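This document opens with one chain alone, in structure tokens, the form predicted alone.
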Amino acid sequence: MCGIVGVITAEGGVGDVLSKALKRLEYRGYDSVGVATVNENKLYIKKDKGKIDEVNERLNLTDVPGRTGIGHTRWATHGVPSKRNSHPHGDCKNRLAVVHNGIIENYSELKERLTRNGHIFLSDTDTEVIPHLIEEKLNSGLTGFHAVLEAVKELKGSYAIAVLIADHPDKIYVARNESPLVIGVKNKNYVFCASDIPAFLPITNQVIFLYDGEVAELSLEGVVIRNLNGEVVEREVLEVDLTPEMAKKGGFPHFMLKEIFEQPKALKNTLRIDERKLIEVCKILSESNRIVFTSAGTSFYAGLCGKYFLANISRTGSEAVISSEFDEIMKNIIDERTTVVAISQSGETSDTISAAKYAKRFGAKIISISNTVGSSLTRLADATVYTQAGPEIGVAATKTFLVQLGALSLISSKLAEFKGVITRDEYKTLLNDLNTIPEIIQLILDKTEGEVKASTEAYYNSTSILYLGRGISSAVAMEGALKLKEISYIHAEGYAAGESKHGPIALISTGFPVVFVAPMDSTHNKIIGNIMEMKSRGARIISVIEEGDEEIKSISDTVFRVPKTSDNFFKQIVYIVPLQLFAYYIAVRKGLDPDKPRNLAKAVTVA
């Protein structure tokens, strides 16, 4: 979710154009900023950690020469936020500069090879392999465009890149794969590239969309696009009818809905976690006598799912404790053989940090799962797994939950192999299962959004809704209930379905809505019994079911369908997506802003 900008202008003042364009991308979230320009075949780079205005005050980003430049706002995924890890990154001879959004999966192997070839690296980022790769291609005699083309062929993972080469001062080279990049043109006075349209929208709404596996050469004379085989691709210029505010949200009415739809890509990035990092974490877990998940809110429900994953995949027992209660529950049972898995999207959640500090006082090891490189929680930890999902702007966490489940699934699967519970081939089967989940989520978004939206007319006036599930689905039900209460202000309670007859069933009267998370798994027969208990008392049944589950469909008033995935161990993960959409559309139907729920903050940094 980094912000990329590139511009060639016939009018000069490139530094000012870059800075203003980067400001328009501030909503994407970032920790550092930088620009590079080329003038008279010489590169100029200014960059540092901090917000645009802060860095501009220190370095005067607008005071850079030339007509051609690139800029970047960075959200750290490899290497802590710092000046040396800020983009742009260069080569050994200061001939070129690169900005990058995405994750290079094979950067370790590329870096080792390039280091053996004499390249000197100055940062901890995965990005820095890109300029050194291009440098090698230039040294072999390739021209600017073909050097970039051949370099990106060696990259595995997701990337949107913009490249300046000092020998080509009036050109920018761009490429994309799985990360957004769009080109903007205005007569022969401007040509832009950017990770999002708002960067250049005040100047032009004439755009060319770059697709995965394409490389382009930008100049004031025009845009030439080629595929990875070097073949020219014809692409028309389109006029977009977007206001700057609409464009920030990718055309979605709210950031929450945009982020729900970003979940396939976010999870895909999470599943690119380096296996060596997983092994580091699993070594700590395997040496522990006690494993405790601690977190708050959405992250606590992810921790509950982690407890199920560890038990069912790696046959490892664990506990899940709400961070604010950690010291009271754990005060007499923590020692040096305890490992605490602390989960926080921001890495700044006060209660979770306090729990981690408390555990460290007694010698416990800390593993953190976070989306924010260099955050307070990660600095406390003995090992960290980063979810690599990019920033989340909507206050109600959506992709946070799914990427945390993705990280916990990876850890549990690797731990099972590490302990010898499963073979290498069985581990690969689990990975294959996981890697199909983003596609399944995309199918749900494509096929289910409409039926979820239509259903809300019957439920938006409810005063209370009960959410029930069994096994890991009980944690999914709790997270679904949390989403509804956060943004629609309808009381909602998530519960283990087997416990519903021990209290919550007393709430049921004619028309009372009850949501069931009902996958086709080992809990299926029992959940049918729970549905019948509620239905016989007049409840209105909303069921999230697998396609083809006619039995539960026949006893439900409303159903949300997910694709049939009978052999996929991780299929319960996807059942949260219709519940996120349900909460969102209930809030919208009530005329509420789901991005800004009352009394809530994105990161709770006070106890």
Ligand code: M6R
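Given the structure is predicted, the values throughout are model-derived calculations rather than measurements. For every residue, the number given is its place in the sequence shown, counted from 1.
The form predicted in complex with the named molecule exists for this protein as well; it is not shown, and the discussion that follows is about that form.
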Checklist line | Proximity to the named molecule in the predicted complex, single hit among Cys305, Ile172, Ala396, Leu267 (heavy atom within 4.5 Å) | finding: Ala396
Checklist line | The unique member of Val185, Ile508, Ala296, Ala416 whose heavy atoms fall within 4.5 Å of the named molecule in the predicted complex | finding: Ala296
Notebook entry, point to check: Tell me which of 477-485, 157-165, 177-185, 123-131 has residues with heavy atoms within 4.5 angstroms of the named molecule in the predicted complex?
Noted result: 477-485
Checklist line | Heavy atom of Ser500 within 4.5 Å of the named molecule in the predicted complex | finding: no
Margin query: Whether Gln345 contacts the named molecule in the predicted complex should be assessed with a 4.5 Å heavy atom distance threshold; does it?
Written below: yes
Next item on the list: Please check if Ser412 has a heavy atom lying within 4.5 Å of any heavy atom of the named molecule in the predicted complex.
Entry: no
Notebook entry, point to check: So in the predicted complex, does Thr349 come within 4.5 Å of the named molecule, heavy atom to heavy atom?
Noted result: yes
